[in-house]
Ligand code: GLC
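This document opens with one chain alone, in structure tokens, the form predicted on its own.
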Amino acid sequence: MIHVLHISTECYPAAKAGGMGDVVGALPHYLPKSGVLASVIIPKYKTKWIAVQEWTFVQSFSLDLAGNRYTCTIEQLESETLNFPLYVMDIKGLFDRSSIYLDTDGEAFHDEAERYIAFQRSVLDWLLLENPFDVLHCHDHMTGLITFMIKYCDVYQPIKHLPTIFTIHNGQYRGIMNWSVKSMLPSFDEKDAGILDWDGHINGMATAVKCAHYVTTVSPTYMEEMKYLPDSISLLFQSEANKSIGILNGIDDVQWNPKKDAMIDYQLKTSINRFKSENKRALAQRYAFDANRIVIGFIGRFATQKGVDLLVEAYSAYLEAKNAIHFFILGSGDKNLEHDIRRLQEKYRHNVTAVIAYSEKTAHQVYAASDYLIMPSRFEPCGLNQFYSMKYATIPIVRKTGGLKDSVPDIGDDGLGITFEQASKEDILYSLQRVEALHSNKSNVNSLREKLVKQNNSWTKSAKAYSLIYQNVLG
């Protein structure tokens, strides 16, 4: 068996802010069938889940970071409920916070660079003391400098042989830092400093693309899109194309199983129609809306990347003329977008329900209750919501970008959902017209629902692809 250590700042259910948390929390479940034993290490935050678990002491050591001395303590989860070893790195003063990335004002922590460099160095320092792993799998820019330090920093020469895989979950976030943080890094030959640089800054993502043995994105189309971004980083992806591959994410079909899901009001038995109608009725009662209307759900971060501003524009325009659709919006994020969503709900309170929060339980119920789920993303590395919606017989409406393009062919091509080309109000409005036309034919809707629930989007196929990469880097 190949032993792989996943190094990440998120892992569901311990700590999750987005899709990366889902991936790191699910992929290790599926790797053993492909000959891989996977462990995960994340920082020890003060999340509710981490706080109630029992942890076993593994190792403790000191870290000197540009004159600041920290005690780093490795602990392992005692419970076997995750089916893989989960480690946490406890660094007091840096990670013992209730939020993963954002301060109370909604902005990134002021010591972001120090936190991520400390975490990466402490993981490598641990591996100097004990190393049962064959491959290091780093996730997003917060762990990207590991790929450089293990190759070029003198102190890590004893573990230089460990190959590194770098997965990009969202290429918009790159870990761009001023050169002043160089003093926090272990010593290395000055001739190698250029490897850290991109456009005059230390760049965690660019460094990892240069240094990792393999670079992956979470869908094939997103890897291609990275090569043609309207900025200089696209040149790097073109030059490193020979070691780059896009692997479409999967979902945990144990956690997302409508036949056994304890978070929904009515589980799927034999009738998909009854499953949908009962869950819609329950959601409508809970939030006081008309269950006879078509329900289109949105679940996600309120960000321009996700096209939430476009939804506000398109929904307003639609509701000025019609009321056949009820829009259910679940999420949080950008405070201006939260304000816009609240105003939308106030103006069209009979047709818009907005829950400004992160709630895993409510999300499951919205997937089960909605007729459609919309994802109008400007870009989407993979997306997981379209897979969840299919599992719960909810028809996806997606913009053709990244993993959405890879996973949702249009019903006009005998596909799985409604797709549109441009991130625009007009394309969303046209998609709403298609929803009304499709929904007027119950037979077509029922056939499509049957087709959706039969899709196999589990991690099994993706796990095999990652296993092949691990085998390749080990020769």
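Here the structure is a predicted model, which means the values were calculated and not measured. Throughout, we count residues from 1 along the sequence that is shown.
What comes next is about the form predicted together with alpha-D-glucopyranose, which does not appear here.
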item	value
alpha-D-glucopyranose contact at R399 in the predicted complex, heavy atom, 4.5 Å	no
Contact flag, G19 vs alpha-D-glucopyranose in the predicted complex, heavy atom cut 4.5 Å	yes
alpha-D-glucopyranose contact in the predicted complex: G144, any heavy atom under 4.5 Å	no
Any non-hydrogen atom of Q255 within 4.5 angstroms of alpha-D-glucopyranose in the predicted complex	no
Answer option from I150, M226, V218, A314, heavy atom within 4.5 Å of alpha-D-glucopyranose in the predicted complex	V218
Residue (of I341, V366, L384, I165) lying close to alpha-D-glucopyranose in the predicted complex, criterion heavy atoms within 4.5 Å	L384
Candidate stretches 236 to 244, 150 to 158, 316 to 324, 168 to 176 - the one whose heavy atoms come within 4.5 Å of alpha-D-glucopyranose in the predicted complex	168 to 176
Sequence-ordered residues of 282 to 314 touching alpha-D-glucopyranose in the predicted complex, heavy atom within 4.5 Å	R301, Q305, K306
